[in-house]
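Here you get one chain, nothing else, as structure tokens; it is the form predicted on its own.
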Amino acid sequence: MKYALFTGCVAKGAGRELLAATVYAAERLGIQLEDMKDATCCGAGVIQEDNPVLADALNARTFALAEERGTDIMTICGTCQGVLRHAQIKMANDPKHMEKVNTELKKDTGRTYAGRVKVKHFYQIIQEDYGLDNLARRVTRKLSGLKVAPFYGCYVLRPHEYSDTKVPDRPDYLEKLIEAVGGTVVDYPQKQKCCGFPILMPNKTNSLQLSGNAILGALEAGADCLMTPCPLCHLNMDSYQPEIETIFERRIGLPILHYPQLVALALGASLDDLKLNTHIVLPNDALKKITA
């Protein structure tokens, strides 16, 4: 299995531990990744608000690069996944818009996007292409006893017409992964809510209140840690957790894991392999039961 890896920005900046976990997990699963070093930022939905043609042209360039390689794209960021799929579906449903985008793309880069490449998040590839049964057979460290709260984030679920999840109102991709590696799924009401990252700059207090509501919901449901497929959700919930504690006037201390970190842990990775010491909320105590 081979994919063009679209890392997004965070995995090569503030969240480098995400990329380390992805590479570790992929190598042990036999998934070959080719880093799309020449791809641009997806725009995170911001450029789309001002210039939809430019936003889609930037992403069409990424699709065209993957088509030249002859490989589908793997993302590791829920926001990137949502933005890229939004662009794909919009162009597929509006040939005139796609023609306009390709005109801009060809003028600036000499490339055109043919509409052939598929874009899938790592969690989709694990469940749909690789198979959870195959993953379970590769597990060398069952995460028995670890209570994990899944948190989806917005972009992989909403708007529903652009979501790749089969039932956006009742997604189960993260839950099935947790079960496949031996962990215990913690259900809680906020798992499909927004983390607040999109409003972090204009309204930090409300943004962190949204994250805090989700973290406390998971904690009060008995979670040892929370796991998300979106590094922007991770940033809001991990990096800003000390400020969230100030807002809520209570100690929280719930570790936030990236999706590939949970996979890699089950495949035998050490805490050092996954750069878990870079997290603001260190997960060492939560993971003692599986790393002893």
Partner chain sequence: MATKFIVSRYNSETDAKPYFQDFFLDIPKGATLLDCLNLIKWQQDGTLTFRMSCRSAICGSCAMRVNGHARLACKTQAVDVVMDGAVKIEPLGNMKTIKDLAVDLEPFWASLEKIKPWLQPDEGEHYEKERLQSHDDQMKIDHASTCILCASCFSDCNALEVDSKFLGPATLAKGQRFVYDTRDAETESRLDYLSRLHGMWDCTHCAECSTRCPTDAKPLDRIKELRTAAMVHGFTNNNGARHVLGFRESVGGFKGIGGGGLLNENYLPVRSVGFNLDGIFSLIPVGFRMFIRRKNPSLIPHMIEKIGEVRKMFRRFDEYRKE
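Positions refer to the first chain, counted from 1. These numbers were taken from a predicted model, which means no experiment stands behind them.
If you look for the form predicted in complex with the partner chain, you will not find it shown, but the lines that follow are about it.
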Problem - the partner chain in the model of the complex: contacted by all of 1, 181 and 222, heavy atom 4.5 Å - result: no
Completion exercise
Exactly one of 29, 53, 247, 252 comes within 4.5 Å of the partner chain in the model of the complex through a heavy atom, and that residue is 53
Completion exercise
As a check of understanding, the residue in 66, 44, 267, 33 with any heavy atom within 4.5 Å of the partner chain in the model of the complex should be identified as 44
Exercise for the section: Check whether residue 193 has any heavy atom within 4.5 Å of a heavy atom of the partner chain in the model of the complex, and answer yes or no. Expected result: yes
Exercise for the section: May I ask you to check whether residue 217 falls inside a 4.5 Å heavy atom distance of the partner chain in the model of the complex? Expected result: no
Handout entry: Proximity of residue 199 to the partner chain in the model of the complex, heavy atoms at 4.5 Å
Key = yes
Handout entry: Touches the partner chain in the model of the complex: residue 104 (any heavy atom, 4.5 Å)
Key = yes
Practice task
Would you mind picking out the stretch of 120-128, 172-180, 141-149, 202-210 that comes within 4.5 angstroms of the partner chain in the model of the complex, counting non-hydrogen atoms?
Solution key: 202-210
Fill in the blank from the handout: Taking the partner chain in the model of the complex and a 4.5 Å non-hydrogen atom cutoff, the residues of 70-94 making contact are 86
